[in-house]
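Two forms, one chain: they're shown below as structure tokens, one block per form, named structure 1 and structure 2.
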Structure 1
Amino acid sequence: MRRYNPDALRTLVAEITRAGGVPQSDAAILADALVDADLHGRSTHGVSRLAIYLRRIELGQIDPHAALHIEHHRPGVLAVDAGNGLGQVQAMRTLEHLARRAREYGLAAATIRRSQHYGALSYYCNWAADQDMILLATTSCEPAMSPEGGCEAFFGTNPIAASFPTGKGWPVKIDLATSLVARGNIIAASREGQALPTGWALDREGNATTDAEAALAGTVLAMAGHKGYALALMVELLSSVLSGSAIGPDIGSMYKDLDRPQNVGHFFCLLEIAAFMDTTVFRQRIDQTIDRIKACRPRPGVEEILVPGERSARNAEANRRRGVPLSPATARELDDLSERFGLTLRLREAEVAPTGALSP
């Protein structure tokens, strides 16, 4: 895959988004969230999603000018209506409101309804960690995963995430789908015409399949069997039931249901570390915990024990130096969008030479 300067790529994505009808400041938020996912090695939630967001805007299924409406609140609680706006934009607006409350009360939580797919949860959790806060985030998703014992998609991949600031230069980051694999990986395999590993998914009749198209029509399997199913249900209750958004199969598919909104729900719980202990002490304690974990005796053949978030931080560091990799299909989509909107800016202007490196 060819690589691209992340700053130049961010500028291009923002320009395309603005040309697609999104206000400039909101286009910058969306571009930053998408490029950040690619930067950290989460291409399934990165720039490859831009085209479908813009398509849904064009069809009137996303309102790029939606206001964030706080329906009711208590001092540390918000119930938010995203107004069918861009998920990334409305999530960040909600977080800004929550951060003010968390600084005052030590803890603040929010539900968000009438939202969209909003990318990688770790983007918001890492933002909070940079503010010396801890964010626990969940989101419902379009149906992709059956309950344990079933073969009909009911739940989304229903991820849960949290990030913790450290003194290591990167946060401890937990961001996982409650499915065996994120549905974005199946979508990516379908786009690239690749087979799936055995054990990821079932077809519509409940048979194991390695065909990505059959998997998209069928169901992804829950991680850890009934345990993943239980976690998926917990996420559904927090994100969908508590928020008042659509539940399970009532959530619109981003790619298939182009005639109706998704009505996705999210849940945020934001803690200010200083309300619990001195932030310097917290960082010292978490660093000591990391050091003790990494000092554990490794299994045969294992060179290094990694902490969640460490690999993606290394990916981001390498991609900042070498450029962000994009698949040929995603590169073609960006070129097509630039041409369609009549932009003079093109992806090739962001390309990094194969042997080149970006300035630190």
Structure 2
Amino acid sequence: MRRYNPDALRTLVAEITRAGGVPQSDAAILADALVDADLHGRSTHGVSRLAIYLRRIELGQIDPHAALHIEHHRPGVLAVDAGNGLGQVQAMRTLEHLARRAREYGLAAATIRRSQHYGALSYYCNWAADQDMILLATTSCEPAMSPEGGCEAFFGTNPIAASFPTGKGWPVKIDLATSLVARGNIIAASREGQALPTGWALDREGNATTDAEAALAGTVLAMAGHKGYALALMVELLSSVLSGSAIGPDIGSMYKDLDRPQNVGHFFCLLEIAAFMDTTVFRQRIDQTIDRIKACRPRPGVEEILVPGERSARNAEANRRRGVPLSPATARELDDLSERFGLTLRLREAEVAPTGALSP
């Protein structure tokens, strides 16, 4: 994979997004969120998603001019209708409202309905950590996972995320799907003709399968059986049921249902650390906790105990220095979009020499 200058990549993605009909400041938000995912090594939630977002705008299933409509509110609560706007843009707008309220009341929460796939949850959580806040975030997703005992796709991979500021230069970052594996892993195995590990998926009739094709026609399994099922339900109740968005199987598929909006729901709960304890003391306490975890006696064969968020921070540091790796297919897609919209920018101009040095 070739590597690209992250600033130049961000500029290109923002320009394409703007040309795709998104107001300039909103295009900058989307570009920042997507490139951030690639920087952190999560290319599944990065610039590879730009094409489908723009396609859905073109088809009228995402409204790039949607206002954020607050339907219910209390001092610490917002119930938001995102009006089928871009998920990332409406989520960041909501967060800015919440941050103002959290500074006043100590915390604030929001539900967001009529939203879309909004990328990696940790983007929002890390934004909060940068401001000495803790964001708990959940989202519903298009159906992929059955309830325990069932074999129809009901839940999405329904992730839970939270980030916590530290004094280490990177936040503790928790961001996990409540499914055992992401559907993307099964798609990858299918593409490469490989068998799945046992326990990942069920076929259409609900039998365990290692056949990737059969698994794609069936459902992925929850992590840890009934516990993952319970957490996926908690995510669905907070994100979909409480928000007024579509629930479970009614959520539209981003790639397959091009004739209707997705109507995804999100839940945010933002805590200001200073409302609970002195922020400096909090940082000392979390740093000590990290140090003690890393100093635990390792299991045989384990070289280093990592804390959630540590690997991701190392990826980001390396990719900032060496450039963001993009697959040839994603790189081509971006240049095709740029050309289609009549832009002069091309990704190859942002390519970083393989020595790893970014030109100044």
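Since the model is a prediction, treat every value here as computed from it, not as a measurement. Just so we're on the same page, rigid core means the largest C-alpha set that superposes within 1.5 Å between forms. Residue positions are counted from 1 along structure 1's sequence.
A.B. asks: Only one is the form predicted together with another copy of the chain; which?
C.D. replies: Pick structure 2 here.
A.B. asks: Cα of E71 displaced 2 Å or more between structure 1 and structure 2, core superposed?
C.D. replies: No, the C-alpha position differs by under 2 Å between structure 1 and structure 2.
A.B. asks: Comparing between structure 1 and structure 2 on the rigid core: C-alpha of A275 shifted by 2 Å or more?
C.D. replies: Result for A275: no, shift under 2 Å.
A.B. asks: Is F154 displaced by at least 2 Å at its C-alpha between structure 1 and structure 2 when the rigid core is overlaid?
C.D. replies: No; that C-alpha moves by less than 2 Å between structure 1 and structure 2.
A.B. asks: Taking the rigid core as the frame, how far in Å does the Cα of E205 move between structure 1 and structure 2?
C.D. replies: C-alpha displacement of E205 between structure 1 and structure 2: 3.8 Å.
A.B. asks: Fitting the two forms on their rigid core, what distance in Å separates the Cα positions of L196 between structure 1 and structure 2?
C.D. replies: Its C-alpha position differs by 5.3 Å.
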